[in-house]
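Single chain ahead, by itself, as structure tokens, in the form predicted on its own.
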């Protein structure tokens, strides 16, 4: 009787493919993408002539653009097992400083808008560096640090404005970025997409990104292999602050005014989106793709509920439920991985 043996190369290739498939299946961003597809399909079936239109899809993309910019920085922060609750307030104070300065200049041209942009980014960067320094050097927990700077930044914005919004965005900013379009796509969406793509490249293809994952996976081990963890943490929180400042000028362009009272839930919405998309609150795991998928879930729910005549308040109920489910799945996945290591070690 003759027997045939499988070549070693075939066995290795099959095992490699099987391992890849298992990793893909275990990625939270994949099943969250499935959830998003189901949500879109349901709303599309309920209102095909309204929901699945180019205009509505464009509006959804435009609505998430500012959150997408914030989510890029938040993804880096949460991968390190940190948190940044201050992004909404940093957005506000950055937009206030920019609007106040542009109003004082009295200009409507690009020079005035560029100065406002620079000031907004500088203010955001400053807040980010402060957050990072307190977390990395003063060893204050990120939750406490950013909760405190959330309050301080919002308070300063209210002191500067007396609690009243400033309507001083230059027309060129609103006409070209807030309402401008390129090939039918909102300019603000294109800008956000560029930020997301660059953020994804930095996270997944550079040493800075690898160090971010290393810190979140095991900070002690990262220090032992020579990573300057304190400096990297300051840089990561600085990045989050810088993007919050940039989001501040985008907010001015989109709304034509500061939004002092309108950003109270921005930080929670962005954090929820990033975690729902598979970035683990325990650190060491996450992807920019997953964060963007998680970001679209609340936006699609809000749009769909409005179109079919359901109270948009149900959006917060649905997002909260999905968030809890996402964290539960993450915990179960980690527990299974730990058990697997224990078995293999034995």
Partner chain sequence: MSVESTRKSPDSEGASSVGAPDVHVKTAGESAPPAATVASASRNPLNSLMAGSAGRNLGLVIALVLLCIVGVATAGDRFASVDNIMTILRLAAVIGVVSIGMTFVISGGGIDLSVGAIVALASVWATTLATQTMAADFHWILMVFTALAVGAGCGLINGSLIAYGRIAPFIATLAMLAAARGLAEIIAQRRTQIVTNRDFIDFFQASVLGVPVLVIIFAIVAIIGWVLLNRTTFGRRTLAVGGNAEAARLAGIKVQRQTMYLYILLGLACGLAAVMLMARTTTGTSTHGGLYELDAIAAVVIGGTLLSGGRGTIVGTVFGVLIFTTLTNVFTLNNLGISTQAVAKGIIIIAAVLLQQRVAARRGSP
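Numbering follows the first chain given and starts at 1. In this text, all values refer to a predicted model and were calculated from it rather than measured experimentally.
Missing here is the form predicted in complex with the partner chain; even so, the following discussion is about that form.
- In the model of the complex, the partner chain stays beyond 4.5 Å of every heavy atom belonging to residue 126.
- The closest non-hydrogen atom of residue 180 lies beyond 4.5 Å of the partner chain in the model of the complex.
- Proximity of residue 193 to the partner chain in the model of the complex falls outside the 4.5 Å heavy atom cutoff.
- A residue is said to contact a partner when one of its heavy atoms sits within 4.5 Å of a partner heavy atom; residue 147 meets this definition for the partner chain in the model of the complex.
- Remark: of stretches 168 to 176, 234 to 242, 113 to 121, 131 to 139, the one touching the partner chain in the model of the complex is 131 to 139 (heavy atom within 4.5 Å).
- By the 4.5 Å heavy atom rule, the three marked residues 43, 46 and 67 all fail to count as contacting the partner chain in the model of the complex.
- In the model of the complex, 147, 148, 149, 150, 151, 152, 155, 156, 158, 159 are the residues of 147 to 162 with at least one heavy atom within 4.5 Å of the partner chain, listed from first to last.
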